[in-house]
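This document starts with one chain, in the form predicted alone, laid out as structure tokens.
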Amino acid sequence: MSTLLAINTSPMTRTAVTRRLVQAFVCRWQERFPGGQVILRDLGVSPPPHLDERTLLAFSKPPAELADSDRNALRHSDELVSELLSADHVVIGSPMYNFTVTSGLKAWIDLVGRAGKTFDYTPEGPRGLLAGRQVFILTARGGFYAGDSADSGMDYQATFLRSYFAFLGIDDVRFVHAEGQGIDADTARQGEARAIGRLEALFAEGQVRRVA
């Protein structure tokens, strides 16, 4: 049975374009994988805590040496890592905030990046442990940053996320951008419509594949 981890990161609960895109993706995923499991994680409404000293120190301890206080410090990270490890597909609704990701998504990234769980350090360099999964990132941007846009050099969102998931061993990361959301109402609607069309094409063209 396939499992989808669906992550919303926008603090806006009623008007966020990325929430509508995630909902559309989940609906189409359920049609593609009937009977599959969907895990919903809302980092916008309930953002995880940022890393603190106790958690970082607990990260570095062998399991046999963990005290109760360490296990408590690791509680949030363990839960998020477990969700990620169980997923075949991950979809993330990611509005661009100041050319990159929301603070809630950054906190999630810091909590799931765990040596020995999602990646390993080896003599040959770091090795990701999550190979075989697919990640779909659905963005909303006030301006235009994709492709050969004049402002493409300011897109730290896509470059960061692609590099991070590659570090975890996931090289199949696909983006759907709803751009121009801050220009005017017509441009915003057109940008969202193009994003929905691109999202539907992912499924129609078989790009959302069954993970072995």
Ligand SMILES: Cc1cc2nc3c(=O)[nH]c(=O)nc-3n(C[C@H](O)[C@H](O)[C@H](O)COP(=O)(O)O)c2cc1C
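Quick caveat: nothing in here was measured; it's all calculated off a predicted structure. Numbers for residues come from their place in the sequence shown, where the first is 1.
As for the form predicted in complex with the ligand, it is not shown, yet the points below apply to it.
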Counting only non-hydrogen atoms and a 4.5 angstroms cut-off, does N98 reach the ligand in the model of the complex?
yes
When the contact criterion is heavy atoms within 4.5 Å, does A16 count as touching the ligand in the model of the complex?
yes
G116 near the ligand in the model of the complex, any heavy atom under 4.5 Å?
no
When the contact criterion is heavy atoms within 4.5 Å, does F165 count as touching the ligand in the model of the complex?
no
Could you check which residue among V135, L84, L105, A140 gets a heavy atom within 4.5 Å of the ligand in the model of the complex?
A140
Give me the residue from Y145, F59, F175, F33 that has a heavy atom within 4.5 Å of the ligand in the model of the complex.
Y145
Heavy atoms within 4.5 Å of the ligand in the model of the complex: which of the stretches 75-83, 119-127, 88-96, 106-114 has them?
88-96
